[in-house]
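Just the one chain here, laid out as structure tokens, in the form predicted on its own.
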């Protein structure tokens, strides 16, 4: 128990992804996802989770299956209750805590999330609970929050985990927390924070209970692609050994990163379309941000191309991205009006002229304004002192 292994898979996060696929996936994906979801429910005796899916209309009610799950879960819960009582009578505090934790984990496994949270919290408040046990309990509560996607619980437990880790958590638990927080930041559209966490923990990733390495690299690499400077992408992401190891399983992500770095914009747009279809639209963490992400990546591509020229024709820009002139014209007009691209469109001449902001002049003007404000305050202060 001290290694936290009991918390590693319960509840199984892949089942939450399968539920998402059944509801939001493509028609050809739903039948296979439904089959695997029911298999997972049977294997883990998830009586409460099954009842919830039936109530939500995701699964059709099967009374025989419901009774089978109920009987199996009641029997195992009774056995765990017996072990808890035996630990109280025959063993010390550590064994009592461990038996109680096993019971809480089983409640989480079968879908009794509220009861599991209460059981975890009761153990957490015991004076006999060790630091590592407390951390593992918090990770268990985090898994419940991620499984049912309850943002307030996830953020609360991440903050609590940071407090505990700072008191003496080991390397494994620190790294596991970084991986969880990376995915959480992705789901909250905080891609800068997610990319930093990804770079910190990718070389020592050891959290297959969260998701396979290929999926973790997918999420982390997509976060890096939207916020990381082009000069850093190759060194920190494209050439990272862990990324190279699994990039073959996520080819469109690899194409997107390589095309962005190599300035091959036709490949870039093709890869971006593939990323949206194969990853953004099927990830329960990124699905809500798929339109935002593709828009930001289009802006990044346009901005990167425009940085290389004082002016260029709309036709050449359209050819670079493999789209029509009408599409580029509408896109540029939209993003220029929103202040996202610094250029001017000459519709008559069919030319795009870059209009880069003068950052040095802006810094100079800001310094002058701040200096004037400081002088005014000094004058007022001197007047008060002289009085």
Partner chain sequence: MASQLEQAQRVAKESPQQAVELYSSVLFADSTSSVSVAEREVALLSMAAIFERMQDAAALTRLINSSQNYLTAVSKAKSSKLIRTLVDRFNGIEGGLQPQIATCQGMVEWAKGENREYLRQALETRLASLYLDNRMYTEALALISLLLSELKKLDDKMQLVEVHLLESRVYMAIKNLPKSRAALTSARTAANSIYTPPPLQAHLDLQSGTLHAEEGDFKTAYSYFFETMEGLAAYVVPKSADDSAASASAAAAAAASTTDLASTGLPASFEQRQLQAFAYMLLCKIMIQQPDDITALLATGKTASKFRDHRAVAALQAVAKAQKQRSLADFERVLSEYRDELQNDELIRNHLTALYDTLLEQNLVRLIEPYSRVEITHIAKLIGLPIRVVESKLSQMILDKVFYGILDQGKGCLVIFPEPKHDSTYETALDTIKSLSNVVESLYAKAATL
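Positions refer to the first chain, counted from 1. In this text, the rigid core denotes the largest set of C-alpha atoms whose superposition between the two forms falls within 1.5 Å. This structure is a prediction, so every number in the text was calculated from the model and none was measured.
This protein has a second form, the form predicted together with its partner chain, left out of what is shown; the following refers to that one.
Partner proximity in the predicted bound form, defined as non-hydrogen atoms within 4.5 angstroms of its partner chain, places exactly one of 56 to 64, 335 to 343, 348 to 356, 38 to 46 at the interface: 348 to 356. In the predicted bound form, none of the heavy atoms of residue 24 sits within 4.5 Å of a heavy atom of its partner chain. By the criterion of a heavy atom within 4.5 Å, residue 261 is counted among the residues contacting its partner chain in the predicted bound form. Proximity of residue 172 to its partner chain in the predicted bound form: non-hydrogen atoms within 4.5 Å are absent; the residue sits far from the partner. Within this chain, residue 78 is remote from the site of its partner chain in the predicted bound form, having no heavy atom within 4.5 Å. Taken together, the three residues 230, 367 and 380 all lie with some non-hydrogen atom within 4.5 angstroms of its partner chain in the predicted bound form. Residue-level contacts in the predicted bound form: of 249, 292, 287, 148, one residue has a heavy atom within 4.5 Å of its partner chain, and it is 249.
A heavy atom within 4.5 Å of its partner chain in the predicted bound form is found for exactly one of 93, 85, 239, 121: 239. In the predicted bound form, its partner chain lies beyond 4.5 angstroms of every heavy atom of every residue of 181 to 197.
Comparing the forms between the shown form and the other one, the C-alpha position of residue 24 differs by less than 2 angstroms, with the core used for superposition.
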